[in-house]
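What follows is a single chain, given as structure tokens, in the form predicted on its own.
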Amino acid sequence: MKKIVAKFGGSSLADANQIRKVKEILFANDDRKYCVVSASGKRNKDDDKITDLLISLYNYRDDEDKQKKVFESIKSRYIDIVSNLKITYDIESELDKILLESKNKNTKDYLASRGEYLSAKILSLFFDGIFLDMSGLIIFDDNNKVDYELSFKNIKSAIENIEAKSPDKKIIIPGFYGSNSANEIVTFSRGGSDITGAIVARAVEATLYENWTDVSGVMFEDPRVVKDPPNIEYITYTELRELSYMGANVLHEETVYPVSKVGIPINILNTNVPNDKGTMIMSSIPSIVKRRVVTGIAGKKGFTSILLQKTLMNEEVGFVARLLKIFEKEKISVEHCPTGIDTISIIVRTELLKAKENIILDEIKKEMKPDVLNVEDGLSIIAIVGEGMVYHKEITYEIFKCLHEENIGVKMIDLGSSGINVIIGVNDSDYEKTLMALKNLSSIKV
């Protein structure tokens, strides 16, 4: 029998009507035995996500009036959901208990996780399913990193015990959190319910991991910038990692790791249009599929370039290592590092650099003794991604032809050694213009 893990995002759980859609999808296929849920998302563009409200509860812990106002807003949302679904659940008492418990625990992670916890509780009642808490099953170490092997083992054992007693029940699982060795709640970064779904899929040896959201798959480019970009029907794990890291936010960038190791495909689907094919994410694409040379394009604003120039730099053994050590010491990740014979540029996120910029520049002057040291803010990084692009000589020409025709100046070029991407840097002011110029790359087929 097939095993499908179905994860539903916040937009799929925003209100009672959306939850009814989730039930219809879940029960349309008997293979969908495992349901992983996010916290309730926005009902409209002016609404708040439940997780944001819960974090506000923590932030207002010293302001009783503000905290009470936020708490009433949360309570109203949940009362409305429970009432509309006509389930028996004393949600007010549950919320009062959570607020009291949060004051005892006094941790942001505990409160932030309660949206997923309540979603799973509500759905398990509405679906007549089994609620399975991830506290004590997904285990974080002392550095807040997941112990994957232990987590797989714990979840597999817990689910096998449930299925031995209730083989026909759906198992409803809250995403986003686990716990540490002290049994304290620990959350993933935002969007981390995707990772929970992937961990569960790996633990139960699923044949498919479905990720249900409010879009019909991964788009070729950001639809907020480029009007009506085409859908990506098939994409590899590696390509998705590249696009996710650069800002394509359909899936959390760490989602791929648990499932890619064993080749479990991920299908991105739309709760509101469930018959759409969506995007299939796989280790490799079937040879019969006619693919684009460029699979997708993604980018981000807000980078800074630090340029060093020093004559005979290339003859100084360990020069680059010593330079990067300065950034390591200040715990700032280096995004890209294009070099020349006597020059090197360090590309970092502006928001990470700003607080330590003077410290780093002083250290560079002292340690590296550059002839020239320049800092340039307002840089956008854009990744053009596609496995096998390196074998299509025309693609580099087409990329820069598109930019030339729109009179867009390129500040940086980095051709990835794997041949899977071309990274370009442009001014922030040209970011949207660049994405629109590159849209034509979607028409180039293998």
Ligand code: ASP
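If you're wondering where the values come from, they're calculated on a predicted model, not measured in any experiment. A residue's number is simply how far along the shown sequence it sits, counting from 1.
The form predicted together with the named molecule exists for this protein as well; it is not shown, and the discussion that follows is about that form.
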Partner-free chain; cross-checking the named molecule in the model of the complex, the single residue of 116, 210, 221, 242 with a heavy atom within 4.5 Å is 116
From the list 277, 356, 169, 190, which entry has a heavy atom within 4.5 Å of the named molecule in the model of the complex?
-> 190
Could you confirm whether residue 39 comes within 4.5 Å of the named molecule in the model of the complex, counting heavy atoms only?
-> yes
Looking at the partner-bound form in the model of the complex, is residue 421 within 4.5 Å of the named molecule by any heavy atom?
-> no
Can residue 411 be called a contact residue for the named molecule in the model of the complex at 4.5 Å between heavy atoms?
-> no
Considering only heavy atoms, tell me if residue 32 and the named molecule come within 4.5 Å of each other in the model of the complex.
-> no
Counting only heavy atoms and a 4.5 Å cutoff, which of 63-71, 47-55, 402-410, 387-395 contacts the named molecule in the model of the complex?
-> 47-55
Partner contacts for 161-178, taking the named molecule in the model of the complex and a 4.5 Å heavy atom cut-off | 176
